[in-house]
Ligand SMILES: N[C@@H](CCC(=O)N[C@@H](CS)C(=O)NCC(=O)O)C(=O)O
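Okay, so here's just one chain, in structure tokens, the form predicted on its own.
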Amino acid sequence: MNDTQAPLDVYTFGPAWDIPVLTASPFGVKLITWLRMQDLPHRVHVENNPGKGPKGKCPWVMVDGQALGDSEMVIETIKQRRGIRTDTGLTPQQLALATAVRLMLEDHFHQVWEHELFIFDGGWKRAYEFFDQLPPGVRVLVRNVARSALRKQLHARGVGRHTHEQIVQMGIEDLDVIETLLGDGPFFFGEEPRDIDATVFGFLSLTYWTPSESPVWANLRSRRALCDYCERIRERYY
């Protein structure tokens, strides 16, 4: 029988820029926030080498002695193994909407986020500092290799083929969607947070608190409802 009280070990990128969350990874913030929503004991380990994970990406989690990667697959596996039911009471339409929003953030806004922080020169001024947590002997090499590899990856995925102005507009349109759907509610589907709030917070928080000169970052900070949303979840879970 699995020990449902055993702490889960979460491995993710370290924090940076004095942000009030435990990692500079949107997916890491999503996963840690979800664990806290469920009151699941966990330990967060800084691991800046994603190659050590089972899927070659951060974060990953040790669940019942097994290393699992991909934040969404980790969450679904924990639900199954620990007998956790979430999002009860939501309609099929709400569940479908949550999936659509999650995919928009993880597959589209994530590309914009990476471009604005690591490729756009205004963001790179501060993203450069993220690598300062690495040992001095490898810091410069990893910094340059990572940026070059990410530039190629974003071009292959699509967003990197556009002008900066077009990429900014894409990010703003994504924020329009989130703001419209959030409405006046404290959380995405009303008075209590749901699974989707962990994902939304993961991406909004690291846009809101990361010190970047990007127009996308400035646009989010001009939206009182989204800023208040980030502060609300931080106060509740961090």
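Numbering starts at 1 and follows the sequence shown. Note that the structure is a prediction, hence the values are computed from the model and not measured.
Below: the form predicted in complex with the named molecule, not depicted.
Engineer: Looking at 90 to 98, 67 to 75, 163 to 171, 131 to 139, which one sits within 4.5 Å of the named molecule in the predicted bound form if you count heavy atoms only?
Structural biologist: So the stretch in question is 67 to 75.
Engineer: With heavy atoms only and a cut-off of 4.5 Å, decide whether residue 202 touches the named molecule in the predicted bound form.
Structural biologist: No, residue 202 is distant from the partner.
Engineer: Is residue 153 a contact residue for the named molecule in the predicted bound form, using a 4.5 Å heavy atom cut-off?
Structural biologist: So residue 153 counts as contacting the named molecule.
Engineer: Would you please decide whether residue 61 lies within 4.5 angstroms of the named molecule in the predicted bound form, comparing each non-hydrogen atom pair?
Structural biologist: Flag for residue 61 set to no.
Engineer: Test of understanding: in the predicted bound form, would residue 188 fall inside 4.5 Å of the named molecule by heavy atoms?
Structural biologist: No - in the predicted bound form, heavy atoms of residue 188 and the named molecule never come within 4.5 Å of each other.
Engineer: From first to last in sequence, which residues of 43 to 69 have any non-hydrogen atom within 4.5 angstroms of the named molecule in the predicted bound form?
Structural biologist: 50, 56, 57, 58, 59 sit within 4.5 Å of the partner.
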